[in-house]
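Just the one chain here, the form predicted alone, laid out as C-alpha cells.
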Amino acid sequence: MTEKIRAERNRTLTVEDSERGLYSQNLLTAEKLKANHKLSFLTNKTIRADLFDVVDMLPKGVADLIIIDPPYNLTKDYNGLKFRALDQSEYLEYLRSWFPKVVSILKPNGSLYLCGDWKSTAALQTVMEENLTILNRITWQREKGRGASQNWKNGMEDIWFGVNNKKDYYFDVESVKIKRKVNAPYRENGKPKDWEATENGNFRLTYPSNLWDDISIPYWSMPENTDHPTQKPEKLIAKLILASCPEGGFVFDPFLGSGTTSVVAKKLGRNYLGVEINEEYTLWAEKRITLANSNKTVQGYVNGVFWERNSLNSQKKCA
C-alpha cells in the first residue's frame, strides 16, 4: 500500500510501525475472552474480533448505554474489509442476526442508539421495534460530502433512540443543552428573560431537539480525525453519552471503528468496551484512548456546555 503524503498542517491520526506493538498488546481477542469474560476483565478494553465470534461470550445486562454504528447498507471498503450492499430484506436479516444479542447486554433501565442513513432507516426502525421501545429518531446534518447533480445531496443521517423500559431509563437533559447566540433579546422588567448578557454577546441555553445542526464532521486539521471512511464526530457521541449514561456508567459499542465511542467515554468519566474486527482500526482506537489520558477536550463542548456551530471565538473566550 502506498503511504499517504500529508500536508504539514494535517493532524490526521496515524500509528507508526514503532507504536504497533505498544497498542496491540492492550487488545483483547476471542481466545482471551474464552479464558475470561468477566465484566472486570472487559472493562475499558478493545476487543479485536468479529462481533459474531464474541457476542455470546459478553456478560448480559451490564451496559447503561449501547451505541451502534453498523455498516450502512452501502458497498464500502473498510481498510480492506468490504461490506456489500444488500436488498432491503437481506439487510434486515443481517441486522436481526446480531441485534437481539447486542440488546441482551443492555441493563433493564439501559438506553440504545442505532445509527443509519435514509436507505437503511426502515430496517433500523423495524429491528428496534422488535427488541426495544423507540422513544425518538434524531436526524443530524452532515455538512461534508459530494454534491449530486441529478438528485438532492444526501446531507443527513438518523440515530434511533430506544430503551428497555420506557418508565425507567436515564436521561440527563441538563447536560446536553446548547448555548446559542440571542439575536433578538427579550427583557422583562428591564432584565434579560431566559438569556445571559456577557461581554462576548448574548447567549441562551436551549433544550436540545431531535434535529442536530451543530455537528462538524472530523476533517484533516482536527486531531480527532482518522482515515476511517465513516468516522462519527466526538461531539455527536458526547451528546449521546452525557444524556444517556450516568458518570461512572458503562458504554458498549459493538462496531467500534476508529474508537470514537471509547475515547469520548473515557474523556467524560464513563467506562467502556468496544468490539472491532479491523486490526488497523483497533490500533487507531488504542492510540486515541491513550491520548485521551492527557487531552479531555471535545470539539464544541466547553466548560460543560455544547456550543452551536461557528462559535469558536466565543468558546475560546469562555474556556
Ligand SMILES: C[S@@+](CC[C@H](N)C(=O)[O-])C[C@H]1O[C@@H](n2cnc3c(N)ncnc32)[C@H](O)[C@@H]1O
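Since this is a predicted model, take the numbers as computed values, not measurements. One rule holds for the numbers: they count along the sequence shown, beginning at 1.
One more form of this protein should be noted, the form predicted in complex with this ligand, which is absent from this view; the next part is about it.
Proximity of Y78 to this ligand in the model of the complex: non-hydrogen atoms within 4.5 Å are present. At the 4.5 Å threshold, heavy atoms of N44 stay clear of this ligand in the model of the complex, well away from it. Although the partner is absent from this view, N278 contacts this ligand in the model of the complex, with a non-hydrogen atom inside 4.5 angstroms. Residue contact with this ligand in the model of the complex: L65 places no heavy atom within 4.5 Å of it. The partner is absent here; in the model of the complex, the one residue of T206, S104, Q141, T230 having a heavy atom within 4.5 Å of this ligand is T230. Here the marked residues I178, D213 and G300 all miss this ligand in the model of the complex; none has a heavy atom within 4.5 angstroms. None of 263 to 271, 28 to 36, 290 to 298, 48 to 56 except one has non-hydrogen atoms within 4.5 angstroms of this ligand in the model of the complex; the exception is 48 to 56. Taking a 4.5 Å heavy atom cutoff to this ligand in the model of the complex, the contacting residues in 57 to 88 are D69, P70, P71, Y78, L81.
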